[in-house]
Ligand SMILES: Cc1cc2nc3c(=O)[nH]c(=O)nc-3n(C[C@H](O)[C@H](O)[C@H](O)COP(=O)(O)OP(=O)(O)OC[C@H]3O[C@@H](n4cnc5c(N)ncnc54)[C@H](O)[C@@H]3O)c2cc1C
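One chain follows as structure tokens, the form predicted alone.
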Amino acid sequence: MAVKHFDTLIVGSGFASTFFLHEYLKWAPESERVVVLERGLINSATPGKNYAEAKGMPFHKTMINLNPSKVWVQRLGFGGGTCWTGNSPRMHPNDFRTASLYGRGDDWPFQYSELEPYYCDAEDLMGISGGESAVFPRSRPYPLPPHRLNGLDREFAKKYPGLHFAMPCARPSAPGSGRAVCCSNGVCESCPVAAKFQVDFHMRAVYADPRVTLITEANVVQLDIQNGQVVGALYESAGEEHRVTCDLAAVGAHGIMSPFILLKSGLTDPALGRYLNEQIAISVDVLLDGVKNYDGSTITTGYGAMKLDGEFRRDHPGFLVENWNLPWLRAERGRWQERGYFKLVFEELPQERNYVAISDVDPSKPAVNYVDNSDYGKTAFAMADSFVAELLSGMPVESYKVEVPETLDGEAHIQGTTRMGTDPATSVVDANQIHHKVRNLLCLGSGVFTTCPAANPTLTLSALSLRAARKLKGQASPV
């Protein structure tokens, strides 16, 4: 078997890996050689024409789910999963210190101010549309203006001044990002104008760099770790085994496959594969009274932070309001727009009992066992009616229906299995996403999240990757 050497090995090509590579190449010499091993395919479909449906392999075939009442949503392919809507909120500043403030979860190893400039860089790269908010202090404006709110958003904004605003979004609200402006037709699974930022469309230049070799349909079996250092990797492609050697490795194969690869590589950290988590949510279908809705300018128009943070987090989880602009209409003549739909997306407490392991039945696949939500998270469901009643009190609402999930379904955000922290007993990587013991190994992606905030994870994991690359190269924070 011919073995080729690279300076750096990266596993996976999703947001986490690609944002890391983008920043890493800025500071790498021209002689640098990087190999990216991606298990999925490059989608050759035309952007805007059934693109999403044509992409990737079925995720459920790559794992063994020991608790089928918990469904995991993801696809494998160049550029990562396609299930993200483009919602790009930041974490709340207090999400980084919930243990200190509220006695819940763990503190992250750094605070919001440390990540803030990297948030700005990630927002610039994605061309995020958003507006100013005192909830999330920022040092630079969003690259594009906020999307137009819909009718229900405006009612929330009147009731909660400064706490309900436009959802930060990776679908352009105006020209300037190099992509089409969102047409807001609601057919977002395969965006008809390719407005949404996607790695496989909009960061292909990273992979065109002559220093980078991208190998698709490369299933990484394990890393070769000798004397506490990664020295290479074994991968399968077209039914054959291949090896590469390397001086540095970064694994960004999402929160299920990343820990599985590390476990297969012989690592035995107590927290590796543990603390698997994602947000939980309830949905609300509202019949409005005289309010014309669905006039927003993208799929998810509103973000409510009225119950995102506060002392109540000692007793029950904080949540964000995610207001949708998809038109589920009323049947009555002249009132078809008088309906709304929003979700309450709750933070969760990561549980050690929820984990990824090597399957006893088929060791070539991860066994995923999500036992249950936390007792803390369950209070969200128990209090759902009271939360919604308070939110809608005094608003022009005719009636509403609260839908609490009957299964363990979450928000399709796999997090926490290679978590970041200072204690090797409860974390896998340090504040710079470097493995506690194998110091030439980084973990990328939402697997490193210390806790499970209510915010969608893509922006945060992308900012973390920019930071990890910059720290690795000894560069100062951006300004």
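Start at 1 and count along the sequence shown; that's the residue number. Here the structure is a predicted model, which means the values were calculated and not measured.
Although not depicted, the form predicted together with this ligand is the subject of the following passage.
Ligand-free form, site status blocked: this ligand, modelled in by superimposing site C-alphas onto its pose in the model of the complex, brings 3 or more atoms within 2.4 Å of backbone or C-beta atoms. Although the partner is absent from this view, Asn373 stays clear of this ligand in the model of the complex, with no non-hydrogen atom inside 4.5 angstroms. By the criterion of a heavy atom within 4.5 Å, His413 is counted among the residues contacting this ligand in the model of the complex.
By the criterion of a heavy atom within 4.5 Å, Ser359 is excluded from the residues contacting this ligand in the model of the complex. For Arg39, a non-hydrogen atom is located within 4.5 Å of this ligand in the model of the complex, even though that partner is not displayed.
Note on the partner interface in the model of the complex: the residue among Phe136, Tyr160, Tyr142, Trp84 having a heavy atom within 4.5 angstroms of this ligand is Trp84.
This chain appears without its partner; in the model of the complex, the one residue of Asn323, Asn293, Asn354, Gln74 with a heavy atom within 4.5 Å of this ligand is Gln74.
In plain terms, the part of the chain that comes close to this ligand in the model of the complex, with a heavy atom within 4.5 Å, is 254-262 out of 399-407, 254-262, 280-288, 382-390.
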